[in-house]
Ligand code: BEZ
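What follows is one chain in structure tokens, specifically the form predicted alone.
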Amino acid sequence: MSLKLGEVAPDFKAETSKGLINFHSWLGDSWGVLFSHPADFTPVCTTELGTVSNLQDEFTKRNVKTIALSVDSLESHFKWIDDINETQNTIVDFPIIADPNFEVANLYEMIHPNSSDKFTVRSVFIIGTDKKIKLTLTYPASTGRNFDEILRVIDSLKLTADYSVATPANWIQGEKVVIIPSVSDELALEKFPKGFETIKPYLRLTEQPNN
């Protein structure tokens, strides 16, 4: 049975390029992004790890830790990191899990169902400070992940966790948000002192409340 949104992310102990970690302890009070790769020295994943490395300041200011996974060995990871640093003009400073026995891959159901049993799918898990899964994504091998979108989703998740709002299609920081239907107009006036626009009784827009 697949992992579901709202479930506690499975805890694990693993060797990484930054040493041995216990996942939940390593997360601490931070949000987390766990993303997997089918193998080291793959072209698309090389660009992805470089992108995440270059976005570390953006993740850090959102209180988010990033951690990658591949089923190759630590020795292979270190050689791959050298290639990533060279080709992507970066310094990879977040951990990459070595999972040669597929323990974490199986725990997070990353094994590709229609390929070799040694082929991990390219998954993304966003995990909240409560250690619960907030988002899952699975990409095909041919399509690089959009980490600007992952940052956008994190912004939405953190905003909507603290306020009675949802974010509309293509929302980005600073744009108007939707007041959830369970909030009455009377309560909305209290919660959102900047006011709101009623387009339909079920569709009310207000300024982003934490701006």
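Small disclaimer: the values here were computed from a predicted structure and weren't measured. Position 1 is the first residue in the sequence shown; the rest follow in order.
Beyond what is shown, the protein has a form predicted together with this ligand; the following relates to that form.
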Given that this ligand is not shown alongside this chain, does residue 55 nevertheless sit within 4.5 Å of it in the predicted bound form, heavy atom to heavy atom? no
Looking at the partner-bound form in the predicted bound form, is residue 45 within 4.5 Å of this ligand by any heavy atom? yes
Please determine whether residue 38 contacts this ligand in the predicted bound form, using a 4.5 Å cut-off between heavy atoms. yes
So in the predicted bound form, is this ligand close enough to residue 77 to count as touching (4.5 Å, heavy atoms)? no
Could you work out which of 141, 81, 107, 124 is the residue within 4.5 angstroms of this ligand in the predicted bound form, going by heavy atoms? 141
